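The chain below stands alone, shown as structure tokens; this is the form predicted on its own.
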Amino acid sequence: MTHPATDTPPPPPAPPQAAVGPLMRGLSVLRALSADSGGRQAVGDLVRATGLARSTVDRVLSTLARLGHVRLEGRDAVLAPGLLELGNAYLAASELPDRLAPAADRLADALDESVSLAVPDGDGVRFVHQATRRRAMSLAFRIGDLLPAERGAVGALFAVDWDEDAWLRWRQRRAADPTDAGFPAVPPRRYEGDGTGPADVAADFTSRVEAARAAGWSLDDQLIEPGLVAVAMPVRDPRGRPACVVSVVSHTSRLTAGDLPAAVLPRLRETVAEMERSLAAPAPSATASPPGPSAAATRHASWTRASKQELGPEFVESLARGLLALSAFGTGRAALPLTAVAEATGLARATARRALLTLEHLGYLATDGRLFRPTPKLLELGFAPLSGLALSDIARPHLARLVEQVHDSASMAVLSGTDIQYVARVPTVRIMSINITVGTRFSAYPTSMGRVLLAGLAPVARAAHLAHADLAPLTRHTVTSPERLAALLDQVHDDGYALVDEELEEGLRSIAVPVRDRHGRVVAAVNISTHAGRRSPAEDRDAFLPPLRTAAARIETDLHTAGRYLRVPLA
């Protein structure tokens, strides 16, 4: 079939008759909020960006906040870690990071260069895994970032398999956006009239596509920005189709474009072969999808009804249910029929059908007419802005909520040698306050957070820590006996909390609980600190421990969501 070589983009297709309007409007708000690199916008700016009524945007944001996808801070809406669940649904269903990321990480270690995995998304490419090397000049892209196909080695490899329609869409996009303004992850193009105009870019790209077709690999010689060079190869699935592209990225200060292929291609080819074997291996979780609604889906359905009853018109139930449909997809559930989605989510079949058709219309799902499959476009919903979250960023809103509840200061710390280091703190307003800031360090042994962190170590590491610590008495209450401290740490391990009364400073009492990562390891501690003269230790324990544990559980929920495919720094 032939098409006229027109530069005029066709009008977008009309929504299907069964489309869920509130779901479409909710996703438009998420897209507008995700367009900000910091994931924060004033509500008024979202109204202008979406063209929706202020009342509609307020209702959408209220619903998204209830879902944990955004937070409302004064006049601003802020992306929240819970939104990553949507992108996680695609990444888990694709299985690409789970199967291929370990090999990509080993390649990065072997070459001491940044390594990326990318997938096609329309006429662009989107990153799904990054193994970066932190240098003064290094790769700055994030998981979820979208690049135009012509700006790099990766896109040329995907374009090898484009049909005439794909090339037409690419030409239309190039004509409508010659400076790549629609791709904020890359610097905008500037045409200087020196042989690098739009026609030259198109000719160069088609030439590089043909070279990639012949060679089986592609070279990026500073196509994105000066100094950045890369070599890429496709990773093919068992049917011979490119499942993703792996690229090795360097800088001309280390390797020129002429030197890079010889330096990395031998090891890159070995890694690609390893990755293709991994894709061909049977899925270990192929039978992990139980029939009927999952326990999580059942809880979500009950929670949705309760939220509607509590918030009334401020909770858009059809938006919440539409997003719930995405939770059916995951590891071992890459493509599902309508019936399976309805069963897995507990949604009525008609409700699930309308949600799936709406998500397909918007490009977040693809279908062959029977099976629905999540697409990389789901990563545009906040994944890149949220990929820079540190544990302190995740914890701070929950600590603020805790402080509002208990009216005492709350903090988070991590273990650093024989010390604890504060990485987040929300003080309370009192006449007598404790002068601690982020970055403050204390010896671990006389602090509640230190004891929680030490209790989370393996017994051998715990004993080694006590052997190297300078157990000096800081107050008349400080426990300095190694044997007594070892017994206290055993008790903290069993109890799941530590209460320290005036051991760090006279008049200061604190209680702490652990924060665990997805693998159950204690990575941080959170505490409440208070003046010891107001209540007894038992009264403070009874008053503070339940809300403190609730705050830690909320932090863990967000950390587990964010840490599934992202590296979350502890500081």
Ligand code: PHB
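On a predicted model such as this, the values are computed, not experimentally measured, just so you know. The numbering used is simple: start at 1 and walk along the sequence shown.
We do not show the form predicted together with P-hydroxybenzoic acid (PHB), though everything after this point is about it.
Peer 1: In the predicted bound form, which of 159 to 167, 373 to 381, 464 to 472, 124 to 132 comes within 4.5 Å of P-hydroxybenzoic acid (PHB) (heavy atoms)?
Peer 2: Heavy atoms within 4.5 Å of P-hydroxybenzoic acid (PHB) in the predicted bound form occur in 124 to 132.
Peer 1: Heavy atom to heavy atom, is Ala325 within 4.5 Å of P-hydroxybenzoic acid (PHB) in the predicted bound form?
Peer 2: Although P-hydroxybenzoic acid (PHB) is absent here, Ala325 would stay clear of it in the predicted bound form, with no heavy atoms inside 4.5 Å.
Peer 1: Contact with P-hydroxybenzoic acid (PHB) in the predicted bound form for Asp220, defined as at least one heavy atom pair within 4.5 Å: yes or no?
Peer 2: Yes, Asp220 is a contact residue.
Peer 1: Does at least one non-hydrogen atom of Ser116 fall within 4.5 angstroms of P-hydroxybenzoic acid (PHB) in the predicted bound form?
Peer 2: Because a heavy atom of Ser116 falls inside 4.5 Å of P-hydroxybenzoic acid (PHB) in the predicted bound form, the answer is yes.
Peer 1: Going by a heavy atom distance of 4.5 Å, is Ala230 a contact of P-hydroxybenzoic acid (PHB) in the predicted bound form?
Peer 2: Yes, Ala230 lies within 4.5 Å of P-hydroxybenzoic acid (PHB) in the predicted bound form.
Peer 1: Please tell me which of Val500, Ala320, Ala153, Leu336 lies within 4.5 Å of P-hydroxybenzoic acid (PHB) in the predicted bound form, judged by heavy atoms.
Peer 2: The option sitting close enough to the partner is Ala153.
Peer 1: Which residue, Ile224, Leu357, Ala101, Ala108, is the contact with P-hydroxybenzoic acid (PHB) in the predicted bound form, using a 4.5 Å heavy atom cutoff?
Peer 2: Checked against the cut-off, the match is Ile224.
Peer 1: Across 229 to 262, which residues bring a heavy atom to within 4.5 Å of P-hydroxybenzoic acid (PHB) in the predicted bound form?
Peer 2: Heavy-atom contacts within 4.5 Å come from Ala230, Ser247, Val249.
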